[in-house]
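Just the one chain here, the form predicted alone, laid out as structure tokens.
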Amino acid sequence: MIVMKFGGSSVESAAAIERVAGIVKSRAHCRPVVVVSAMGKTTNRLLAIAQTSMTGTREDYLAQIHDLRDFHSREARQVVPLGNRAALDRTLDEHFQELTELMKGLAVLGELTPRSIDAISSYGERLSSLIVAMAFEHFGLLTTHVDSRRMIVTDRRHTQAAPIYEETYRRLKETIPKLAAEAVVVMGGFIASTEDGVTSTLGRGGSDFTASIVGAGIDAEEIQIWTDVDGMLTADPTLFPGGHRVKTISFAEAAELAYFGAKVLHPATVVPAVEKNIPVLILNSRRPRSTGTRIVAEAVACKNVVKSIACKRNITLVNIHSTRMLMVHGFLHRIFEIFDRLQTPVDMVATSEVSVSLTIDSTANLAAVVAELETFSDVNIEPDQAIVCLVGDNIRYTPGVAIRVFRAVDTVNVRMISQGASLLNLSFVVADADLRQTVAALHGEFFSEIDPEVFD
């Protein structure tokens, strides 16, 4: 068995779904379990409707619901066979009627709770998985649909739920292999439920995570993540279009890249796959003949020091200085207790005796954080920053990497440096305005020659 996950851009239209059906059909002999994201930008549209229901008029949010239903109906009717049209219409009617009732409730309450967000955003994957399952029948695939909420069990941390692995794996093992022996199984990504059956989600981008959980639960031979790029590249193509495809990379390197901005992979995806030692492939649904990127357990021998350059944008740099805390124990504890209590995650940290610099990517509670920090220190905030992260297993073994990095970017003002927390990466912060120049300079330094066994 294999798991094939298709992202929103891979199922965004009738033409895209037909393309997916062809890809799945070519691998039908592998007993595929297909995991799909919501169609296109459906999740964003659902959350926008929720906001309108609380701040706009009844006519406004009903019109948005009507437009979203029309979109799903229009695309689905092009790929769902005539014999299933009545079932399609019933499915759409049921789901959009439920959604309308939810929005009416929100309009009355005027409050969008995490539990409500999960209930609303789940409709994207619920609809797409049902439509894709019906479409596969049209294209000659025997198909069965499984509601992921029956399989993936989580805790109650709505919008960012964590799987309860033992129960989830038990359910998957009992159900999926039997079904996959007879038909292509189609499931929605991202969605799950708590132990008492309340809809939950694994967080934005969680469809990758679903695929990995399912793969681990059924002991899949491999997990394929189908997206709209050829795999992992040596640089973000939106910043530097001349990058190379990385053919093979280790789980550890892929996780570092994912955390620091490589959007082709959800950072949590690799965890279940690592535990079960299941290879993960990143593939392009628009170019299915491309061999993509293969992610494996062990680091692959490579002549290049760096495997890829990742970037994380929209970063805020927080500089904290307090001479009163010189030689006083508990300075760091006092700082990080504030960030923890005010639920503000920290990415990178650099410290001295009386100063701490750190980066955050969420400023929702920044004003409150600063107010508390200013009771014992001076605080300086620098918005519009970016983290640049060079990742590669060889960084830990190769002397002189840092001098090559900072010689390459000697015309850029580097605001903060971090190395050592992970042996696989060297990271630093620059102004977002300098990011393109920085990535181009680093790519020229580290990828002027490439190892053909690892890159193309």
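So that there is no doubt, residue numbering starts at 1 and follows the sequence shown. The shown structure was predicted, so the numbers you read here are calculated from the model rather than taken from an experiment.
The form predicted together with ligand ASP exists for this protein as well; it is not shown, and the discussion that follows is about that form.
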Determine whether any heavy atom of Ser53 comes within 4.5 Å of a heavy atom of ligand ASP in the model of the complex, and answer yes or no. no
Is Pro272 close enough to touch ligand ASP in the model of the complex, meaning at least one heavy atom pair within 4.5 Å? no
Can you check whether Gly205 is within 4.5 Å of ligand ASP in the model of the complex, heavy atom basis? yes
Can any non-hydrogen atom of Ser427 be found within 4.5 angstroms of ligand ASP in the model of the complex? no
Pick the stretch from 22-30, 58-66, 35-43, 402-410 whose residues have a heavy atom within 4.5 Å of ligand ASP in the model of the complex. 35-43
Taking only heavy atoms into account, state which residues of 125-141 are within 4.5 Å of ligand ASP in the model of the complex, ordered by sequence. Glu125
